[in-house]
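Only one chain is included here, represented as structure tokens and corresponding to the form predicted alone.
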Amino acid sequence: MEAYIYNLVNLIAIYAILAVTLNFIMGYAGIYSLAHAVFFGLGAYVAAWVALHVHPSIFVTLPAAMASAAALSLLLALPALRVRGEYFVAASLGLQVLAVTVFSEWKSFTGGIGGVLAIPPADVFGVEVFKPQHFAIVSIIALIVVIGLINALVHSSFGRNLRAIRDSESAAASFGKNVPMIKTLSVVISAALAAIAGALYASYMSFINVESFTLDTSVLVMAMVIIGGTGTVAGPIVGAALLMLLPSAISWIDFLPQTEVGALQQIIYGLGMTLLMIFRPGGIVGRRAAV
């Protein structure tokens, strides 16, 4: 039971990193992306390859994962963010679909459908971290660091520029703000930090495949942000905790067949988001208008 609880803690922390980094562009810049699972997956695959062929130290795997995700996001953001926001949603969806195909077919790097096996545990200062209770310390520290970095950015002049763009791109541009550059930089930062979650996920699970990085995952992370509250610090964490605990709670329903758990989850997600949009559009911990 203890290992099960620590496993949940690790998964909540990893998905909270994803939700917090997506909230950085959704809640503060008004940029909606359906490709967050791509950067999650790329970070995981790159970290796995580095751990297997170079060194499993997180001080090697994390920078490699972040650099690769930042480079890919730059290729997406440079052309897509020069136009209005809805075009970025379409471009991110296209990237998500393309990435799933690449992850499935690039067998020499991703292992294809079979995935990558026997990923070494994370090495932290020469110590292998593989037990759930020990890895929980690493994942929680990583979450705290990511939250701290994003909080610092949000309360800087860069964050004020992001909120100005979110409220009115034309007004921000009229005051001399380089809107495309600011939006592009925010997407790159978000993707690079999301890759941290991927690297942690790969080393913790010791096995990854494309099933963890599909459009469903991108939608799940977006649901975490919306349900918790966009443009807030605690909202994405609350949303991640709720939606990661939901499958465990449903599994305790004795009369429900296990084959129906996934369908019930989707119903609860959809119903919850619909009710929130009607009665509390700011999310559980948010306000009606994110600030």
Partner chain sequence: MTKTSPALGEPLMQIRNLDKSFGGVKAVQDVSMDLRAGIVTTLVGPNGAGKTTFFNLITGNLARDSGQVTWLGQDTAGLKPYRLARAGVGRTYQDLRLFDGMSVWENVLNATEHGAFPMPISRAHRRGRRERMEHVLERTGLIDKRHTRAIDLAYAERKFLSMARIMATEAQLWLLDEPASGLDPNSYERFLTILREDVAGGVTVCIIEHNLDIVVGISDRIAFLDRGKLLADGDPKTVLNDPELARIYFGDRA
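Residue numbers count along the first chain shown, from 1. Fair warning: this is a prediction, and the values are worked out from it, not measured in the lab.
Note that the form predicted in complex with its partner chain isn't included here; everything after this is about it.
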(request) Heavy atom within 4.5 Å of its partner chain in the predicted bound form: which of F158, F109, F207, Y87 fits that? Just give me the one. (result) F158
(request) May I ask you to state whether L117 is within 4.5 Å of its partner chain in the predicted bound form, using heavy atom distances? (result) no
(message) Just checking whether D167 would be counted as a contact of its partner chain in the predicted bound form - the rule being heavy atoms within 4.5 angstroms.
(response) yes
(request) May I ask you to state whether L215 is within 4.5 Å of its partner chain in the predicted bound form, using heavy atom distances? (result) no
(request) Report yes if any heavy atom of T101 sits within 4.5 Å of a heavy atom of its partner chain in the predicted bound form; otherwise report no. (result) no
(message) At 4.5 Å between heavy atoms, only one of the stretches 126 to 134, 88 to 96, 101 to 109, 179 to 187 reaches its partner chain in the predicted bound form; which one is it?
(response) 179 to 187
